[in-house]
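Next comes just one chain, in structure tokens: the form predicted alone.
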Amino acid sequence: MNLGENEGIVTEIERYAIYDGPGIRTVVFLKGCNLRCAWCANPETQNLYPEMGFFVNKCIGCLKCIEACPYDALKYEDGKFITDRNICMEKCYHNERELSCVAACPGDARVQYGKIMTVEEILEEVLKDKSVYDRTGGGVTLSGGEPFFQKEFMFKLLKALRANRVRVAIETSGFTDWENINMILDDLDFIYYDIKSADPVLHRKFTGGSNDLVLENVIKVSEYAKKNGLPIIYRIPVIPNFNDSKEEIEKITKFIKNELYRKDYVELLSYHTLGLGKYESLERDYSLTKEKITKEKIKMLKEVVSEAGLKVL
């Protein structure tokens, strides 16, 4: 996908968010991620190009999408829609800014994951709520995917937000070169940093990447926070058969306690399967269990964190 100098790909701009930083916020979800977490609730944010999702339960059977597709990637046979996603990938996703099948669908059964936007277009949208940010202590949170996957675009967007006196937070896996993180710390008001596992083998198995860089970077971020007062919340997604045991949470809390600045908070994010419909729309398999983590287990794991002397949300 050829993008202009001032363009990036956004999956969603969510207004009036209350769980992604202080006050009332707007969350800008940037597309693209270099990890492939097995539990990812937003698979549509992983690839750095627009993609088509198909929700068959919304389809009214008009077949206009098939007529609109210029690459013959869609068929309807034996009462079923068939999508040749290899053709979509090769011919459409990397070349088309607006997907024809999506534009032709009258029932919103087909959706486009990923919109190409300029910094100015995003700024125009988020500044609609500038008075709300100022009144509530809120601002804009940059999320993903992984925001650093579109680092050059994110840097420009961040500078534009700061120029308009908007407070900015970021949600990151930390899986990027330290130079990238260090470049933006002075412009941040808040940071959420994921620590998924302290076990390198387990981390690679479930995310597709090593945790060496993640842990090295969070130590440096913590040192910066201690000197400059940058608020951090260390987030631990609690995932079945990955890190939902007392032993695995103890390993993470031991690392936080021994290596990091600890005046901030640890947040346990309970595993959920709200993204299953997105996997189906993209025709991707979901490998993890569909069973939820019980409130009792989360309570027990919170106690593990608290007993280590850490503040827990």
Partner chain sequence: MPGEYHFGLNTKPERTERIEKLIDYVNSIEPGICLERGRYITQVYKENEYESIVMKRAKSLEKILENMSIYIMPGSLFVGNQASKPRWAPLFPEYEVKWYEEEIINGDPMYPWERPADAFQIENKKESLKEAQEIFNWWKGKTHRQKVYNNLPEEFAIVQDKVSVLNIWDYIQGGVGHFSPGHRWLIKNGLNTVIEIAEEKLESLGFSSSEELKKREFYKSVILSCKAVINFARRYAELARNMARQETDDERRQELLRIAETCEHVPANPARSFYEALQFMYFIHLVVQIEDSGQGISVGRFDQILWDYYKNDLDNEILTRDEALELIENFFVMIYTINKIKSWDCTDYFRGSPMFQNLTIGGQDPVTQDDATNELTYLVLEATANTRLTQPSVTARFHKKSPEEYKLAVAKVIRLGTGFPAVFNDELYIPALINRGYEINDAYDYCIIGCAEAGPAGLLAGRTGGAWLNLPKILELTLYNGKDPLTGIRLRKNKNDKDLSEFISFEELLDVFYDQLDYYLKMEVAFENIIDYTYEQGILEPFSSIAACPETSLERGKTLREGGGKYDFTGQQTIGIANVANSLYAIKKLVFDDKVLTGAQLLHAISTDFSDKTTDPSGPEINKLCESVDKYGNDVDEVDFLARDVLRFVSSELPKYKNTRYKRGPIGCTMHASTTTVSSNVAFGKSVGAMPDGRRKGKPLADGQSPMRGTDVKGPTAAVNSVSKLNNILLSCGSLYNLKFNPKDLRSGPVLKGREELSQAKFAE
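Positions refer to the first chain, counted from 1. Quick caveat, the model's predicted, so the values are computed rather than measured.
If you look for the form predicted in complex with the partner chain, you will not find it shown, but the lines that follow are about it.
**Student:** Counting any heavy atom within 4.5 Å as contact, can you tell me which stretch out of 101-109, 74-82, 236-244, 184-192 lines the partner chain in the predicted complex?
**Tutor:** Single hit among the candidates: 101-109.
**Student:** Wondering, does Asp129 line up within 4.5 Å of the partner chain in the predicted complex on heavy atoms?
**Tutor:** It does: once the partner chain is placed as it appears in the predicted complex, Asp129 has a heavy atom within 4.5 Å of it.
**Student:** How about Arg15 - does it come within 4.5 Å of the partner chain in the predicted complex, if we only consider non-hydrogen atoms?
**Tutor:** It does: once the partner chain is placed as it appears in the predicted complex, Arg15 has a heavy atom within 4.5 Å of it.
**Student:** Would you please decide whether Arg165 lies within 4.5 angstroms of the partner chain in the predicted complex, comparing each non-hydrogen atom pair?
**Tutor:** Although the partner chain is absent here, Arg165 would stay clear of it in the predicted complex, with no heavy atoms inside 4.5 Å.
**Student:** Is Glu125 near the partner chain? Define near as a heavy atom within 4.5 Å, in the predicted complex.
**Tutor:** Yes, Glu125 lies within 4.5 Å of the partner chain in the predicted complex.
**Student:** Looking at His94, Lys227, Lys205, Arg135 here, can you tell me which has any non-hydrogen atom within 4.5 angstroms of the partner chain in the predicted complex?
**Tutor:** So the residue touching the partner chain in the predicted complex, by this definition, is Arg135.
**Student:** Quick one: name the residues from 54-88 with any non-hydrogen atom within 4.5 angstroms of the partner chain in the predicted complex.
**Tutor:** Lys58, Ile60, Cys62, Lys64 sit within 4.5 Å of the partner.
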